[in-house]
Ligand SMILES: Cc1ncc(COP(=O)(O)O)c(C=O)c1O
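The chain below stands alone and is given in structure tokens; this is the form predicted on its own.
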Amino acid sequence: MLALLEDPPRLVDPTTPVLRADDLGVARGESVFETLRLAGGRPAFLDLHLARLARSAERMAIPLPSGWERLALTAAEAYGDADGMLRLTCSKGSAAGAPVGFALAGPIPVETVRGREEGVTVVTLDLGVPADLRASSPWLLGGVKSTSYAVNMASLRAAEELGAQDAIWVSHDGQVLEAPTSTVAWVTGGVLVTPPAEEIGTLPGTTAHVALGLATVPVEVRRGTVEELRAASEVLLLSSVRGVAPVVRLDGRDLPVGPVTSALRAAFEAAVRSPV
């Protein structure tokens, strides 16, 4: 189901072209997006996603049009009560035109649900930059959710070539950063740890924001080394559609689906379906 950002939003066939060939999102990757869960006809944590969409648009000098909440609710209502995913996209438009916004709703891929329920295998990949570089160099757009995902997708392909399903980026100086499409967390000494997004220029995770607030163990937002990550008793990836996914193998080492991950996954899934 495709909905266009108009007043009111307009539903069209998903095969309908919505971007011009000279749109700067197409030509130069100048567009931002958010992907979120649909549960019971409702987009989960919509306010958090819209706030992050606005921050990303501001960083990329995209004058974000109004009406995104209504667009998301329109697309969700049209999709129905089945579980699904909703992608909100705003492209900068042509050089002489206005930004273009649209929402695309559809089912969650089977492999995504499988990753949530059964876990994922992961390798660490060196991003090739120091941990502090992106935070101190805002033009690198660290922490911005743009559609310029070529490096992210290349990282996932590299992980697959190494026999894994996903990757965790580490800095050239050995600190844990993020995954190509997820926030990283791990359990060490009974404490749930995740890196500080603003401090190291990674994407502030909406799922991490919600899920870590549901944790029943102490939570620390701090830097961590790849050695600490590899020695952790539990490792998990957090993302909007997949949710809380246990890492069951990291760099060739098997890991259990531990009690912290299991409890957090259950709590987050309940929160996704909560009407509040």
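Worth saying up front: this structure is predicted, and the values here are computed from it rather than measured. Residue numbers here begin at 1 and follow the sequence given.
Another form, the form predicted in complex with the named molecule, is not on view; read the next lines as being about it.
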Look at the stretches 68-76, 114-122, 174-182, 96-104 and give the one with heavy atoms within 4.5 Å of the named molecule in the predicted bound form.
174-182
For R52, is any heavy atom within 4.5 Å of the named molecule in the predicted bound form, or not?
yes
Report yes if any heavy atom of S31 sits within 4.5 Å of a heavy atom of the named molecule in the predicted bound form; otherwise report no.
no
Determine whether any heavy atom of V129 comes within 4.5 Å of a heavy atom of the named molecule in the predicted bound form, and answer yes or no.
no
According to a 4.5 angstroms non-hydrogen atom cut-off, is L203 in contact with the named molecule in the predicted bound form?
yes
Using a 4.5 Å heavy atom cut-off, are R59, S91 and T147 all in contact with the named molecule in the predicted bound form?
no
Could you list which residues of 217-246 come within 4.5 Å of the named molecule in the predicted bound form, counting heavy atoms only?
L238, S239, S240
